[in-house]
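Below you will find one chain, with nothing else, as structure tokens; this is the form predicted on its own, and questions on how it binds or moves follow later.
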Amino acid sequence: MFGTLVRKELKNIIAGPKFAATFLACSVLILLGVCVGIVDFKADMKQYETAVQLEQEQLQEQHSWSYLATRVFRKPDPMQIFVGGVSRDIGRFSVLEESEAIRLTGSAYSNDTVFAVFRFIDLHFIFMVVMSLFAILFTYDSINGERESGTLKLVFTNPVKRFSYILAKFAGSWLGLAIPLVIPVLTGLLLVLLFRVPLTADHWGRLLLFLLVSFLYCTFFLAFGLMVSAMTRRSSVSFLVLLVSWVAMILIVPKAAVMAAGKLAPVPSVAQIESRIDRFSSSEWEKYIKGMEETSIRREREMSGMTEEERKAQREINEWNWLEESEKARKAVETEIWNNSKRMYEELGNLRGRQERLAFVLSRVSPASAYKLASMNLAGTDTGLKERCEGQMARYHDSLYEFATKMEKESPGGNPGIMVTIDSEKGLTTSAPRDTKTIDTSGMPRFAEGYPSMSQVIRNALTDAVLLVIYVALALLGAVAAFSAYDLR
């Protein structure tokens, strides 16, 4: 009898307009989303490779290790085709200077502002918004609609258990929604293969887990629709209740959670942090300039009893030593500014992390938030992407300038940098060696971006995936409980 009820439900769905509309919408949206994602990823990769090549050429034209400055770029991840997450918002590169903090800048939307208004449609968006709404349409009248048409009482003239009936309704609805989803999804994956998107084994594993979580998310809305239909007498009422609930879960709860977390765990703005960093930097450079002025005045006093020729000879003898002292002092200031900036941004990151964790805990009341967080974690486009990239760039910064310092010392004469001096007639002056040779970058370390391991990705998404399972179970149990007391008349 259970199989008969499932076939009946599936037949009714396939024969009705809901199936055709769902299949058409899924085909258009999923294929469009995958195609746009592939084209966009290819363009990002081309831009990334060009930028890296240009940066390498500019590095090879530099003349001194003392003032090495470069840019490092974040490599696009093919998983952004399916789950964009924050990948387009956090920035594409960071400028590397010895005394400057690492900050990703130049987001994709800064170049293509129209896409900031009309965001890209990816699989995650289609499942979260469109498919959840279709799931509601499949089940909002599953019980009360049958009662209104009189078929519910007719079905129970046969020896049918209510538990079996509600599970058959659920199974039939799930198959009716899965069939129009599977074909476009498989076609989209075929497009990924045809366009030779560089997906590794880890990428395919994460993509499979994302699709499983997506189907689990749609399953919740099927069970939830079934529960509400079993709790109401009229299909128009159940549809209204489900629509309001859908708006609350998709839009209201996540935003309210973020606002509440902002009040409960306030975080200083980036402008405030940068202002503190700038004040510290200005103070340190003022101390440096004042120290150099005092040192120059002291040197001039030491030579006060000498003739002009003796002074000139003394300067020529000590020029390189003074230059090295000046460079050592400058390096010390830059190191102190860098450490302060790093410490300030670490503190900001810790405060933001606390606020984010609180917002996520509050938002997980909504299955939509749990699904969004699980999807982003599986794709690696979660809110931790910026912190991971900047952390990798900071480690590269340390290794790069450690190498630059070593090369600077090994260069003839030490290749010192700018020396600040005080002249009685010219006042404050700077000088530097005139070296026209370009640096040899062949042994310079290269930035290699790392990605979270598969086990780490699963651990990050596990909490939200388990929450989705719990929400599905609760909705299904609620549907069974509501229908067990349902008036069939």
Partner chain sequence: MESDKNNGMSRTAPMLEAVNLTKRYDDGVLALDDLNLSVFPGRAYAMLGANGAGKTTTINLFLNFIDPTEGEARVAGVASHRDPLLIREKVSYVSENVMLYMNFSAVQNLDFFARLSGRSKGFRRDECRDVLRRVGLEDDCHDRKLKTFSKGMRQKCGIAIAVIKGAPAILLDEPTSGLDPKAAFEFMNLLDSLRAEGRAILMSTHDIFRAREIADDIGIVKEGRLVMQRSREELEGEDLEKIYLDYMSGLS
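Since this is a predicted model, take the numbers as computed values, not measurements. Numbering follows the first chain given and starts at 1.
Heads up, the form predicted in complex with its partner chain isn't pictured, but that's what we're talking about next.
This chain is displayed alone, yet in the predicted bound form one of Lys161, Arg388, Arg343, Lys287 has a heavy atom within 4.5 Å of its partner chain; that residue is Lys161. Distance criterion of 4.5 Å from any heavy atom to its partner chain in the predicted bound form singles out Thr151 from the list Thr187, Thr151, Thr405, Asn339. Comparing 207 to 215, 152 to 160, 192 to 200, 222 to 230 against its partner chain in the predicted bound form, the single stretch with non-hydrogen atoms within 4.5 angstroms of it is 152 to 160. By the criterion of a heavy atom within 4.5 Å, Glu327 is excluded from the residues contacting its partner chain in the predicted bound form. Mapping the unseen interface onto this chain, Ala482 falls outside it, with no heavy atom inside 4.5 Å of its partner chain in the predicted bound form. Among residues of the shown chain, Gly16 is one whose heavy atoms approach its partner chain to within 4.5 Å in the predicted bound form. In the predicted bound form, at least one heavy atom of Glu146 sits within 4.5 Å of its partner chain. For the stretch 468 to 489, the set of residues having any non-hydrogen atom within 4.5 angstroms of its partner chain in the predicted bound form comprises Asp487, Leu488, Arg489, in sequence order.
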